[in-house]
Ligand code: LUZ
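Take a look at this one chain, the form predicted alone, written out in structure tokens.
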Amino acid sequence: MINIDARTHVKGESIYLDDIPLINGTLYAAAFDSPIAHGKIISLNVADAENCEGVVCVLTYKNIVGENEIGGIIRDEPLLADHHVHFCGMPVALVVAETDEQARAAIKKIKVEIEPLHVITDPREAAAKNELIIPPRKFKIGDSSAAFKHCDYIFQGIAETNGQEHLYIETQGAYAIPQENNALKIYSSTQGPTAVQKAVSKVTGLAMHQIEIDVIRLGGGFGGKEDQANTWAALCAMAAQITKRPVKYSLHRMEDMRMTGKRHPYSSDFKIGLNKDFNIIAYEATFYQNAGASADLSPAVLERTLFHCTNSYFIPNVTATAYSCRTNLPPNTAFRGFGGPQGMFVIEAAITKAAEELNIDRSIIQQKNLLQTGNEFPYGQLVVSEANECWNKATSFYNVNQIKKDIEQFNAKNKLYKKGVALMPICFGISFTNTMMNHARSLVHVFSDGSVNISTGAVEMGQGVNTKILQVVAQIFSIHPNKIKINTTNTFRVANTSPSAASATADLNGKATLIACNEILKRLKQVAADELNTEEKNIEIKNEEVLLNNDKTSLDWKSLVLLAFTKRVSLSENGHYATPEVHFDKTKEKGHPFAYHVFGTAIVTVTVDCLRGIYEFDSVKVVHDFGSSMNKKIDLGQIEGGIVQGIGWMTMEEIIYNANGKLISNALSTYKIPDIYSAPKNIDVEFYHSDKDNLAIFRSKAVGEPPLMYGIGAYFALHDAIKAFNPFAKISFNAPMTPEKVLMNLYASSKEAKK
């Protein structure tokens, strides 16, 4: 089954925020943001802006009816700066005008005097000054300190990962429309409609039942619209509440890049100990997370870093410590992988460091330490592993020994071009690690003509979740998909939703839909049984036919639904699903936080031009653990997109702030993402199928986030190619590995090379 949005996407008929017809009298908003990263506001003069043509009003924190606070986890994030500014791009005032052009022109007339204060951009400096979002957290298993005494080899190092711009095609935005009795309806480009509802409630002082959030679809999210959409919806709501007119704000690209947070950069220390058989005996890691100026989702992102600090390996003695560090950058936020990739990069760097020092192939250490079913993670959950199965299938199916042999021959024959290869196993947990968020609801209506209408908390943002939910309905009712419609995501139809994130959206909302459909199906079967003078167990609905002991009857789907309607049987159901088994005790840092894990192995090959430092990825060959995929086309699209996005993070996407906290890579001319020319020449994906029971919908494992981690292999493939050209290069573990860094590493340690 193809993505149900494919047709309207291709024809340009899909509706996004900017496609919603505007109501007469709509105003436009634009934010005036801080030009400096940290300081005390001495004066703010908006008089000239207020006098500009078309300007209706200029709003500051003083105009907020409710609270000047939108922090979701920690109350540390003002909507509009009051007495201090904490990052370049922090909203200070909101201009509301008759047109978008007039609002943006008036911004330039605002004058602000700010007394500069010390700016922190480095998380290690923030940690040293105890500028922490939350107290440090630590995961432990065994006794790493004692275990190091028994290790034959011990290696230490530093690993750095940069941020990443979400660069969704559709920028942040919202459209707020006043309703009767002071209520508000808000169209928001958000992954978390309930989070927006709560933020607007705080700012406006309205109860949540007066605030309707509606989401048709997003033009991309990647985590950047999980919490950061709250700001723009709250600003529009504030303006609509005050002016009593509809207010819209869609950010321009450079505004979006300047004013929103990114993937969290991390600076990390590692120490790894092995025995003579290359078993990893002990591992210690300290993570310094650059959270930005306020918490946003940083505490939860930090937690997932700890959960994934050992990736796909069993290590009996681990101590992992993490610091969420407050800096004067825009609040960093969720991004595909949610802290997991940052943790995985560090353990892969540690293994690479060990392999280099021991002069062995890093894959020897990797394979030796892969998780086995029954092993224990540092956080206490026992493993149900597919790690070895995926590794073994990848190495045999793609003949990794031949790949390595071909690369050796190529490198021996070529002086100025070198190839590199890296294997990248992954293990990624599926669930919100905040246990209470693992729930969802689905409202199912079967109309008297046999058509079906579905409302869930899932937000469609290109990942195909609506298609998968439609498949659930079609399969349970055994009806044609053209009889089913998936509604917009709306807080008045489905309340108290978790965001569409954590790769759990299809599982949670699909399971809720499954429950609702099964309840309605049970009623319909009973109606059929009564009509046919039999028992319910003898009734089956298949391909829209009602069968009695596998034989056709006079009833079909449509007539049965109409019959149930005439008998006053409910054809609506609200299904509720809460993931069983998951739990976690933060006081002990132990529990069973994940419904299941996704495994896989990628083989990444690259060719480096050693004269110029540029490179191209020849192939990414993957064996991925899909469980029992319910839609291979959609899953393949997620795999391919995730791989390329991960490669971008590891190679070319470089976020640069100067010492004053100003974003330098602030446009698409200075921030580069992979295009068709920088994507791998070839991506092969072999589906690893398993019928093992799991908590995924129809046993079809989540596929949103895990593929991004394959991109980490790109960094180490480049590392391998550089070493092939310059064996004496001392390559620091500092991602992304841009062409500039490649070139510098190719010709590093020249004196040592001459020796």
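Source: prediction; values computed, not measured. Note that residue numbering begins at 1 and tracks the sequence as displayed.
Here the subject shifts to the form predicted together with the ligand, a form of this protein not shown in this document.
4.5 angstroms heavy atom contact with the ligand in the model of the complex for residue 705: Residue 705: contacts the ligand in the model of the complex.
Contact test in the model of the complex: residue 468 vs the ligand, heavy atoms, 4.5 Å: Answer no; every heavy atom of residue 468 is more than 4.5 Å from the ligand in the model of the complex.
Close approach of residue 621 to the ligand in the model of the complex, 4.5 Å, heavy atom: Looking in the model of the complex, residue contacts with the ligand do not include residue 621, since no heavy atom lies within 4.5 Å.
Non-hydrogen atom contact residue 431 with the ligand in the model of the complex at 4.5 angstroms: Yes, residue 431 is a contact residue.
Residue stretch of 238 to 246, 375 to 383, 537 to 545, 431 to 439 approaching the ligand in the model of the complex, non-hydrogen atom distance within 4.5 Å: Flagged stretch: 431 to 439.
Interface residue in the model of the complex among 507, 653, 226, 625, criterion: non-hydrogen atom within 4.5 angstroms of the ligand: Selected residue: 226.
Contact residue in the model of the complex, chosen from 186, 422, 502, 280 - any heavy atom within 4.5 Å of the ligand: The residue in contact is 502.
The ligand in the model of the complex - contacting residues of 338 to 358, heavy atom within 4.5 Å: Residue within 4.5 Å: 338, and no other.
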